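Quick heads-up: it's one chain on its own, the form predicted on its own, in structure tokens.
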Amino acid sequence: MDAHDEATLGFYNREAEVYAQRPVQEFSPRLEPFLATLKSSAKILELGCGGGRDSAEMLKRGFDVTPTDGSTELAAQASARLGLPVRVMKFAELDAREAYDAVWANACLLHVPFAALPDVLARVHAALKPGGLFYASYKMGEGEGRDSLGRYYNFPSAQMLEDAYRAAAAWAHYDLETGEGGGYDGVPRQWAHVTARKA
């Protein structure tokens, strides 16, 4: 099964400039504690970097960051902001092996068709070095659907997420926290914040 949704990618390509320049926090509030656990020389892969907001902060702090996005137009927006090339890469194209100390996937894997999520998570696991850290966030629910903008979401429950992670790989650590949050569509949602560590 494809690990991306064409309608969702189309949305981000059409809306890239507006999406990338919308007024938001300087960087994700979850980024600070994530980076605090890493060595200053850590090599970090960002999946779904969007307009490059979080990659910009990581680069500013001296980390070795590889920003990627599945949207050609969003990657171009991020590249302009960061002043460096941003690889256009869909999640299923990730084929690195033990290359990264950490993977940051803020609000992007929530667009992966749920049946394909274990494969994407397995690819992330393979891309991490031993002991590597992985963060991803999801809008919670009880199964797949689309928002008012036509974007696909997997809308998993906590149990669905745990099952997907366990099916993907044997993680040394898995932690899920929940909290209220918003989104580009303006609809408040319960979010799941998952942190996992490779053995």
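Nothing here was measured: the structure is a model prediction, and the numbers come from that model. Residue indices: 1-based, along the sequence shown.
What comes next is about the form predicted together with S-adenosylmethionine (SAM), which is not displayed.
Stretch 49-57 is the contacting one of 49-57, 142-150, 33-41, 168-176, since its residues have non-hydrogen atoms within 4.5 Å of S-adenosylmethionine (SAM) in the predicted bound form. Contact check for His4, Leu9 and Phe91: all three have a heavy atom within 4.5 Å of S-adenosylmethionine (SAM) in the predicted bound form. For the chain shown alone, Gly70 is a contact residue for S-adenosylmethionine (SAM) in the predicted bound form, at least one non-hydrogen atom being within 4.5 angstroms.
Taking non-hydrogen atoms only, Arg14 never approaches S-adenosylmethionine (SAM) to within 4.5 angstroms in the predicted bound form. Using a 4.5 Å cutoff between non-hydrogen atoms, Ala107 counts as a contact of S-adenosylmethionine (SAM) in the predicted bound form. When S-adenosylmethionine (SAM) is considered in the predicted bound form, Ser28 lines it closely, a heavy atom lying within 4.5 Å.
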